[in-house]
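Alright, here's a single protein chain in two forms, structure 1 and structure 2, each given by itself as structure tokens.
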Structure 1
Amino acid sequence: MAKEIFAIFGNPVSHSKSPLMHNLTFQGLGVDACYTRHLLEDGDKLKETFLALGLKGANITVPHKEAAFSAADVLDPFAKKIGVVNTLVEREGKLYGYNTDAPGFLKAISEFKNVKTVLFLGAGGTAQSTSSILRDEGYEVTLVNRGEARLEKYKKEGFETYTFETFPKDTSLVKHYDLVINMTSAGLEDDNLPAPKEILSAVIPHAKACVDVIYGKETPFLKLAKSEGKPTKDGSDMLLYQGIIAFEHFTNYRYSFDEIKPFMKKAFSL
């Protein structure tokens, strides 16, 4: 059988850890495959590029996850519901589309027990898939976002939403949230907090833990949460787990989550 080739598509894509994660795992499990990266400027060209490169599978990152949804011939039910695909697998000439970010995130927060209410700081693309899976799993998700525009769609779907301006100023009116999660890019390449200090000071003290989707650094948000004595977690496990779930799809479940994990995890210590 010819060597199977996989790739990540994105723009930018040079920073992605996915080639290292998947190649270490192919090597560790003795799979004859390799994983490369492809800078894709035009999302409309995703499918033809995938086919021209003769790929067996791909991950898709910003800004092409909606384009990947359109490129798929067959959609997994959850990916279909949210309209966002980050994993494509070729089977008998058809492209199967999945979303592994959301189940990866769900697994990453599963270590926090007795959690019912969750506050999302941010309402962008990552919040879209993760809010949906959390709701499916019975969590109550509330969103607070800087701007109003991105909240419209959540409001329509029945989520409780606030902007920084509409969030209660009177702290006695602020609900208690078991988990507070930074879903924004604030703190990624700057020292910004994801919301005004007054909002964070009202919600962090009541949280059981604080989580950030940003990985590889301690953001100002996580620093603040730690200073309040809260357990914290960054986005590394989310990244790792979405990769493991993608690998399961790539290899048609030939390997279990726990067999894949130690090899893929090595990418985080290199």
Structure 2
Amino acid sequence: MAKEIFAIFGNPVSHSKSPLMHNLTFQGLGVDACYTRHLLEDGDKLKETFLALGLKGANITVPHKEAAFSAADVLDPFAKKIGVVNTLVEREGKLYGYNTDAPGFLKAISEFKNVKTVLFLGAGGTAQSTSSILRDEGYEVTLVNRGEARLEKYKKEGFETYTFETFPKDTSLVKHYDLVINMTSAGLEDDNLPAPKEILSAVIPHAKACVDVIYGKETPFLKLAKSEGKPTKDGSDMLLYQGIIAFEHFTNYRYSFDEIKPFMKKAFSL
């Protein structure tokens, strides 16, 4: 049987730890497969590129998670519900779409106790999947985003939303949020904050903790949170847990979460 090939699609994608995570695990479990990365500029060409490369599966990162949803022939019920896919697997010529971000994220924030209210900074693909699963688990999720357009679907689903302009200017009117989470790519390849300083200064002091989905670096957002004395967490655990769940899909559930975890976790110490 030919070696199976997997990849990650994204833009940017050079920073991705996924190839190391999956290749260490393929090696550790004796799976004849390899995992690479592919810079994809046009999300409309995702399916065409996947098939042209002869892939068995792929992870999809920003900004192509909605495009991956459109590329899937068969959708997992949760992925279908939220409209976002970050994992594709080819089976008998069809692409099966899953979302592993949300369950991975839920597991990653479970260490923070007594958390009820959550503020998302940003309303892109990752926010779309995680807002749904968090609400299903009993969290109250509010979103603040630069523009109105991305917030429309959240409004329709009953989430409380604000733009940078409509967020209360009077700090006495700002709700207290237990967790403040950067869901944007701000700080990944720049020194930008995910929201105006005035908004962050109004919410961070009252938070129990601050989380950034970016991993492997201390972003300006996390630095700001630490300067306020807040516990912080980057996206490493979320990446690890979503990667384990993706690997389960890639290998047709031959290996358990606990069998995969020690091999994949090695990628974070190298």
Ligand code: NDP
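Nothing here was measured: the structure is a model prediction, and the numbers come from that model. Structure 1 provides the reference sequence; residues are numbered from 1 along it.
With each form of the chain shown alone, which structure should be assigned as the form predicted alone?
That would be structure 2, which is the form predicted alone.
Rigid parts turn against each other between the two structures - so which of Thr25, Asp101, Ala225, Val180 is at the hinge?
Per the C-alpha fit change, the hinge is Asp101.
Please report the angle, in degrees, through which the smaller rigid segment swings against the bigger one between the two structures.
About the larger part, the smaller one turns by 18 degrees.
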